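Only one chain is given next, in structure tokens, and it is the form predicted alone.
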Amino acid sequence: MASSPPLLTPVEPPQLSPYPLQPTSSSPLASLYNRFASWRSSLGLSNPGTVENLTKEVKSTHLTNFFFDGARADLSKSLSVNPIFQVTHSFALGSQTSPPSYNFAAVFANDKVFLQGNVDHDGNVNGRLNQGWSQSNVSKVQGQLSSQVGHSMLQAEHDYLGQDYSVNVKAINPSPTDLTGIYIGSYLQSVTKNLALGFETLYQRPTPDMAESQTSYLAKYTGSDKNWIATAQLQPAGIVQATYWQKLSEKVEVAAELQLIAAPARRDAIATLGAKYDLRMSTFRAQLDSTGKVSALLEQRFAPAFSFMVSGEIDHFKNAAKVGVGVMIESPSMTPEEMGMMQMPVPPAP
């Protein structure tokens, strides 16, 4: 009688490490790496955000990016909700700082793609593309074609959001033949649950035989309750920028910004204070700076598809004033239920 073959004990496959770059377990470096990874995970640090959005809350509270003078009208039509597809006609005239203009823009967005393009009355074309490959990787491309010499531009960048850090690389007008252009890299790391430190390096090469670089250092401190944020940025040539933002209540936000220039040929400082009030059907922004400018902006929403805006600025030192009025009208071709969905936030542009 033939004997049966011996039973083979199944061998379990080796367990893969969650850290793909971990050295072999027999090396002394592996023990040090494991201890560092375990200590880093035990801190429970969160992502600090990108360098580009370092002062996002301050910019949203101040009205520097929202102020306008003269007359302005934005006529929008939403053609689709999911995916979002919207076209806008914009008119501006009577401004003291810019000539009359017309702009046509279109926006397309879904869960992973954001597309925006516009063309003005002079034939200048601008386009932007955001492609989200995953929750941590986003690629962005922005271009501009202009009839004016030197105003055309191409910018490509990529964001990587780690568990407790952010990395961004950017190239502006890069040339693959002679490597001319502007290249920017930034890194922001959470040191504690409240503090994040980082840097941003700019390398520009206008010609093949000329190059220069400079590095800025960044700091961001967030309150434990997320109701206030303080940032500081030290740039070359003695330029310091510091900001502070606080949410006083669900409807009131305040922000302050200080810019110091301590260069050998120039010493100057500009301080700006601003506040934003979100009421039930309106938003009011007010701002005061050390150059003698007092400005305000009111956006009144009479209906979901109609808003009226009025802005004003008084420059006490120059004895000058600016006033602007505008309307925003949306013509939806959707049902009331779809219009309610349009109140959901749109994926933010860079």
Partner chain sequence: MPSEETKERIIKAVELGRTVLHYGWIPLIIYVGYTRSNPQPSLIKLISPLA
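Numbering follows the first chain given and starts at 1. On a predicted model such as this, the values are computed, not experimentally measured, just so you know.
What follows is about the form predicted together with its partner chain, which we do not show.
In the predicted complex, at least one heavy atom of R128 sits within 4.5 Å of a heavy atom of its partner chain.
With a 4.5 Å cutoff on heavy atoms, G117 counts as touching its partner chain in the predicted complex.
Although the partner is absent here, L202 sits far enough away that none of its heavy atoms falls within 4.5 Å of its partner chain in the predicted complex. Its partner chain in the predicted complex is approached by S146, whose closest heavy atom lies within 4.5 angstroms of it. Taken together, the three residues L75, N82 and H89 all come within 4.5 Å of its partner chain in the predicted complex, as judged by their closest heavy atom.
Here is the short version: of V191, A232, A106, A256, the single residue with a heavy atom within 4.5 Å of its partner chain in the predicted complex is A106. With the partner omitted here, the residue from S213, S249, S152, S136 that has a non-hydrogen atom within 4.5 angstroms of its partner chain in the predicted complex is S152. Partner proximity in the predicted complex, defined as non-hydrogen atoms within 4.5 angstroms of its partner chain, places exactly one of 219-227, 257-265, 118-126, 181-189 at the interface: 118-126.
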